[in-house]
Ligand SMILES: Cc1ncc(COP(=O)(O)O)c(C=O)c1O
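Shown next as structure tokens: one chain only, the form predicted on its own.
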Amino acid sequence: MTDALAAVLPRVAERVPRVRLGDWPTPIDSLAGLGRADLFTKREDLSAQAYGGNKVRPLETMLAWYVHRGAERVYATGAWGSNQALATAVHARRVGLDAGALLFPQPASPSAALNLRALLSVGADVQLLPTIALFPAAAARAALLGRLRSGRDVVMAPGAATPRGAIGHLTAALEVALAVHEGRLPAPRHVVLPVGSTCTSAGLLAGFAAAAHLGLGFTDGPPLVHAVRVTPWPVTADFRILGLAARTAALIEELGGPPSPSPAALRARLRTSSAFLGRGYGRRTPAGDEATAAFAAAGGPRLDCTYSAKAAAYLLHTMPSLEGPILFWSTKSSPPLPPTHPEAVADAPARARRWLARGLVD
């Protein structure tokens, strides 16, 4: 298995605490069944056998950092069907940390309901808030209690959207650059992915810029990153993505990596779109359903209505106008979810049980 960060930026890798949670590099498969020979997918859905998806990469750096700081329990934050919360609960115990989750409601859907059932079953301290309005106070309270416990409880930013977390996705960009350098992939001119918490998009922007500066793979410049909003502005505002990308690049430079790109250089490689968000976060769309069916018919990776289906809908709509190879970022975990324990679900608040019932019959 290749550690792209160590292979390309060994000085940085030596100075960043990490734990190995995933199976790297993730595969890059053809999506020619969708009508283009130069269409490929980065299979982040296969990142780990226990629970995959794009959340595993930032957990490698974040969980290692928490262990280094002497933490005992980490709280993920997000919506009731959060992939981040489930990934944290599954992988934290692999490094000796207890897990918790502070979650606010979202529209019910099958994938979200299955995530919450699995999360309730893995033994995490799950706090299901009745409204998003209570989320800031709950997160602040958990952080305060953690400090009172001498830092043994820590609260992770949504999606691990910090420079340290984004290093995981920077590493994924270096994997793509290595594949291009070794002749296993034509250099993508476009990379299409959903953007929810900004961590993946920002890490890829910084990573592709670093690879291009080093002349690795992207000798004609980094690809254009198409970030398809699945959460609304301002959470996914351009300035948030670009700001995190710049801070990540600055951290890499500080640790011995290449110089940071200019803000203008980062901005030139980002395109965001809200056209396929629909009625908001977690709400399925007809275009997303059509994209899910098209991917299934073409033998592509499994999509979910909250994230990857909306990015896939954007891909199918814009593909005719995009010149050069395209790489679709597959973000939803493909391995089976952890088993459900009915007694754990039965102990959930009544409002959560009603929400689960709605989602599972959707």
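Counting begins at 1, following the sequence as shown. Since we're looking at a predicted model, the values are computed, not measured.
Heads up, the form predicted together with the named molecule isn't pictured, but that's what we're talking about next.
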None of 199, 156, 167, 116 but one has a heavy atom within 4.5 Å of the named molecule in the predicted bound form; the exception is 199
Residue-level question: is residue 331 within 4.5 Å of the named molecule in the predicted bound form, judged on heavy atoms? yes
>> Since only the chain is shown here, I'm wondering whether residue 171 would be in contact with the named molecule in the predicted bound form (any heavy atom pair within 4.5 Å).
In response: no
**OP:** Indicate whether residue 195 is a 4.5 Å heavy atom neighbour of the named molecule in the predicted bound form.
**Re:** yes
Can you tell me if residue 314 lies within 4.5 angstroms of the named molecule in the predicted bound form, counting non-hydrogen atoms only?
no
For the named molecule in the predicted bound form, the stretch among 117-125, 216-224, 268-276, 187-195 with residues bearing a heavy atom within 4.5 Å is 187-195
Those residues of 48-63 with a non-hydrogen atom no more than 4.5 Å from the named molecule in the predicted bound form are 54, 55
